[in-house]
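Before any questions on binding or motion, here is one chain by itself as structure tokens, the form predicted alone.
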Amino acid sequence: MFVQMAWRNIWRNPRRTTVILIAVVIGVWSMIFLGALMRGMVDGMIKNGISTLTGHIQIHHEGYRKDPVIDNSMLDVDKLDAVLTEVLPEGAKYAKRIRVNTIASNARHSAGLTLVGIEPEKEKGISFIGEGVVEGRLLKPDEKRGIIIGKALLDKFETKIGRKLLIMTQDTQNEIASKSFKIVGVFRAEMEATEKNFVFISLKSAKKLVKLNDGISEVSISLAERGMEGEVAEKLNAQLGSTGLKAETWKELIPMLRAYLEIFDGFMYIWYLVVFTAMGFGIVNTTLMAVFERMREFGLLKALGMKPSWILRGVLTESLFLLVLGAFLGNVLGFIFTYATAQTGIDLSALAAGAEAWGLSRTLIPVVVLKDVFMANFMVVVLGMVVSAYPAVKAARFTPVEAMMMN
């Protein structure tokens, strides 16, 4: 009976019902769609951080992070290979690198950069450089004179593929090492700063340049899925023991991003609360108006013997119908907008400078998290029922005499 009456009552005034539904639908839609955009921003920041030579886990000499000089390199590579083979789970990949500061120059320009010696065939699936070459070709494993530079650096130096680039750095004997390399490829990255700050040569060529023999600067590890890195890093550190090497996750390697993630959920809940507060005032106001318009009806029902609790239940059932229907439509609309946007993403190229400052991708792809969807619906339906309780209690408290005296 309550269900039938409630459903009929909410459509007695279609205009008022439509106003409440629109408020609920917009509230739920904004929570889901804008929440997905915010999650997409964070997901893009994490992916950029991991793919920009960080990986899920990195292994360094324990003093390298504080002082990233060539002297703090890892020398016992064979033992490290054995540990990685034993500990890493199925689907994990790793690549060895040499990373040193360098000065690159040509006839017109010079700049301080980071020179990275890589194993080209192993970088695919670990960092952006494995799939990032858009002009020319990727390095060969035994490449002696080839170098890959970023598109932004290519334009800055006013050069092109096939031309030479002079590299100068410091070797293990504290002497200046210099060598001329031929540009064989140009890479693109999500952030222009990456294109300007990194150049790549083969690991074999880098070892010869800095006279490191079999040593390396770092090992970057990519896991099959994000979330396993903490457990894997703990196992690696247990195996590495007193070797002087240390495994660290991307959260430790990019502390600013970790700090942002820690406060992000709080920002999401504050956003949800702001949206719900605006929507809640509309629900209370409209429901209260409906209650006052029906005072004579409630008074008559009480005079005929209806209990106050039944009136309370009836008004709350009406509110529940409105909230559930509005939440359903809001979910449908939110998922449609999210899906449509995810097909192409939102191009942030016009805001490239500002986006790069936050480590954002050039294209924003929304990401739906079930926890956010649940929280949005919970706040709308459950808290919506809470705020609807006030008009319902107001209706239940009127006596038949008071109701009949109202104009």
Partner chain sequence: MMKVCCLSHNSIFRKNINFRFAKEISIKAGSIPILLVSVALLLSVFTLPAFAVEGQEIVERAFNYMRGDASISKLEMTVHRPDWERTMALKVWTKGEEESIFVITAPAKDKGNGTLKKHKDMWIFNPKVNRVIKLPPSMMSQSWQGSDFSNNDLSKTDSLKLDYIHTIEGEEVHDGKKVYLIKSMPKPGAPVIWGMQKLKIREDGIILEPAYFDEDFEGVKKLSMSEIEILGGKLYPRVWKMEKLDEEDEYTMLIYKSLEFKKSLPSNYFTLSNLRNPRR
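Residue numbers count along the first chain shown, from 1. Just so it is clear, the structure is predicted and the values come from calculations on it, not from any experiment.
What follows is about the form predicted together with its partner chain, which we do not show.
**Q** Check each of Ile336, Val134, Met256, Ala224 and return the one that places a heavy atom within 4.5 angstroms of its partner chain in the predicted bound form.
**A** Of Ile336, Val134, Met256, Ala224, the residue with a heavy atom within 4.5 Å of its partner chain in the predicted bound form is Met256.
**Q** Only one of Met379, Leu53, Ala36, Met45 gets a heavy atom within 4.5 Å of its partner chain in the predicted bound form. Which one?
**A** For this set of options, the contacting one is Met45.
**Q** Is there a heavy atom of Ala107 no more than 4.5 Å from a heavy atom of its partner chain in the predicted bound form?
**A** Yes.
**Q** Is Lys144 one of the residues lying within 4.5 Å of its partner chain in the predicted bound form, judged by heavy atom distances?
**A** Flag for Lys144 set to no.
**Q** Residue-level contact is defined here as any heavy atom of the residue lying within 4.5 Å of its partner chain in the predicted bound form; does Arg163 satisfy this criterion?
**A** Heavy-atom contact with its partner chain at 4.5 Å: present for Arg163.
**Q** Taking heavy atoms and a 4.5 Å cut-off, does Ala82 contact its partner chain in the predicted bound form?
**A** Judged by the heavy-atom cut-off of 4.5 Å, Ala82 is well away from its partner chain in the predicted bound form.
**Q** In the predicted bound form, do Lys156, Glu175 and Asn197 all reach within 4.5 Å of its partner chain through at least one heavy atom apiece?
**A** Every residue of the spot touches its partner chain in the predicted bound form.
**Q** Which single stretch, out of 263-271, 324-332, 125-133, 233-241, brings residue heavy atoms within 4.5 Å of its partner chain in the predicted bound form?
**A** The contacting stretch is 263-271.
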